[in-house]
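As a starting point, one isolated chain is supplied in structure tokens, in the form predicted alone.
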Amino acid sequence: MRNASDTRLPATTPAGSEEGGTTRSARWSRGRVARVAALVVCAVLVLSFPSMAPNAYILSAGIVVASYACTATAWNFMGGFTGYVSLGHAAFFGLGAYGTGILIRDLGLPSFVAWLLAGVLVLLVTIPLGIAALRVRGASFVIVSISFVLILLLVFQAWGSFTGGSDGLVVPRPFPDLLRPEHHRVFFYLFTALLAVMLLAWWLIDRSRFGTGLKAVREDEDKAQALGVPTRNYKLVAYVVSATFTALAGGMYALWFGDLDPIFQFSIMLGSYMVLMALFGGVRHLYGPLLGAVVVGVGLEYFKLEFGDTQLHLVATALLLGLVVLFMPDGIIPAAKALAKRFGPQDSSIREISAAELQERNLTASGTPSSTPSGTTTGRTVADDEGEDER
């Protein structure tokens, strides 16, 4: 008769065996090659978009989507890493745009020097603002961010002698000799380059100790602070980086579009679009805001083209936000990964092991010495042990 020690658990590929390790390594290598190939294909498609665009309007719509991608990715430095939701990031977008235009108009600086200097000025302004705003959390932080953008909207509308007021501000074109199609093409590549810099910065932070600290703040700020993470400083740095990149996106938009209006530049809707795009793609993923910007941005441009000045695009945006919150709270990319993992091959970590080996490991873990060699049987049964207890 077979004894209990001869019983085997289900046979699978040993988790620590050479065959299992080789299979897993090969699968990881194939996945990495697939990701690199997909990245190269996407980069080629993006860079060839200006030559494939059938007309100047489609090309200009592509620039708008690229600017959305830049602003959503910039917002994600704060919202994605720390979990702090800001609906007032349009304030930094407007400051970068107006700062670039005013520096060109009043100081006569070259266009891209003014653009960089405007980004630096926004960085300096954001430090004391961040120190004050980050003293609160949750809904209070959302209210503070909205208040800031509304204050700037009123100031830039009322201060007509400096900002142009409701009449707006005209920003000189950096390439006056270029025709409009060539002007669009150049700025599409400039927005793409700015987006690439943002993605690289996000990737580096995500894999750094600083990024780990920011994620700890996102998961449980009080616990992270108790464990020694300088949460206040980390949040401030993330806030400043996010605001600076948003300002650079706004300044680039000013150089491209050339006509600034405070109602648009300091619009709460613009800040809401940033949040929606990041949430739609997935705030915890590098390409989440980019994917969200492509889907939402294309949808917005389509509704504006088809339905003119109606507010139907706002209704569609609200419905989309509701669907994302209800059915994909983590975004498209995490949902797609979970679906692929559910229907894909399942990894198993169960190792073929005898009952005696399992018993020996349990005794070792509990501190009880065992003299039974691994993989051997003792020949004893439960009945023998019971009889010994009775004697």
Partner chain sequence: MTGTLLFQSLVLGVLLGGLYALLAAGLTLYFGVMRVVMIAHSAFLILAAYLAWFFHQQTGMDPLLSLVITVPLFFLVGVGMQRLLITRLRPATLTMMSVLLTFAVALFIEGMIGFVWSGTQRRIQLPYSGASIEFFGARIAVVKLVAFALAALALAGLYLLMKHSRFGQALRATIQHREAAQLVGIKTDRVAGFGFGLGLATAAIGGTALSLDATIYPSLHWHWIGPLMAIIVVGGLGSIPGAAIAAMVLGIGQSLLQVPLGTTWAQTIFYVALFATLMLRPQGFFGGRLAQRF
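Residue numbers count along the first chain shown, from 1. Just so it is clear, the model here is predicted, and its values are computed rather than measured.
Below: the form predicted in complex with its partner chain, not depicted.
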{"item": "Ser140, heavy atom within 4.5 angstroms of its partner chain in the predicted complex", "value": "yes"}
{"item": "Any non-hydrogen atom of Val298 within 4.5 angstroms of its partner chain in the predicted complex", "value": "no"}
{"item": "Leu291: touches its partner chain in the predicted complex, heavy atom cutoff 4.5 angstroms", "value": "no"}
{"item": "Asp177: touches its partner chain in the predicted complex, heavy atom cutoff 4.5 angstroms", "value": "no"}
{"item": "Contact check for Ala56, Leu107 and Glu182 against its partner chain in the predicted complex, heavy atom at 4.5 Å", "value": "no"}
{"item": "Stretch in contact in the predicted complex with its partner chain, which is absent here, among 311-319, 112-120, 193-201, 242-250 (heavy atoms within 4.5 Å)", "value": "311-319"}
{"item": "In the predicted complex, the residue from Val275, Leu103, Ala224, Leu169 that sits within 4.5 Å of its partner chain by heavy atoms", "value": "Val275"}
{"item": "Its partner chain: the contacting residue among Ala338, Met52, Leu326, Val41 in the predicted complex [heavy atom, 4.5 Å]", "value": "Leu326"}
{"item": "Residues within stretch 63-90 having a non-hydrogen atom within 4.5 Å of its partner chain in the predicted complex", "value": "Gly83, Tyr84, Val85, Leu87"}
